[in-house]
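Starting off, we have a lone chain in the form predicted alone, written out as structure tokens.
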């Protein structure tokens, strides 16, 4: 588990470095897509790192508050998903059948947001766009 950069990150945010925080952030940093608290909890168990599910949730809340982690809430799904904040603007394609999440790397709203800011004189701080549909694998099943 690499911890030199993460240790500095914790220190810069005023967070105490604990084994479970370090492991949770490491799991998120290595994940290729957003993961649930339950998935993180199970991976911690596999690694023999002692942390209960409530600790995972509290840690994720703290990491989200410190902007080290981003929280993704998918419409129609009661659980939140989390990912390491790489400071990259993303949108998502979400399969309604299998719940697969695919990041859209480019932002189709960039020019629209700029025009909207000019039109309304708002200082726009951000936006979200999640697109729902059925992935190719699920469409093949039907």
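If you're wondering where the values come from, they're calculated on a predicted model, not measured in any experiment. Positions refer to the first chain, counted from 1. If you superpose the two forms and keep the largest set of C-alpha atoms that fall within 1.5 Å, you have the rigid core.
This next part talks about the form predicted together with a further copy of the same chain, which is not shown.
- Heavy atoms within 4.5 Å of a further copy of the same chain in the model of the complex belong, among the stretches 24 to 32, 60 to 68, 38 to 46, 108 to 116, to residues of 108 to 116.
- Contact check for residue 102: a non-hydrogen atom falls within 4.5 Å of a further copy of the same chain in the model of the complex.
- Taking the partner from the other structure, a further copy of the same chain in the model of the complex has a heavy atom within 4.5 Å of a heavy atom of residue 126.
- Proximity of residue 17 to a further copy of the same chain in the model of the complex: non-hydrogen atoms within 4.5 Å are absent; the residue sits far from the partner.
- Although the partner is absent here, residue 73 lies within 4.5 Å of a further copy of the same chain in the model of the complex, judged by heavy atoms.
- Taking a 4.5 Å heavy atom cutoff to a further copy of the same chain in the model of the complex, none of the residues in 14 to 47 make contact.
- Core-superposed comparison between the shown form and the other one: the Cα of residue 131 travels less than 2 Å.
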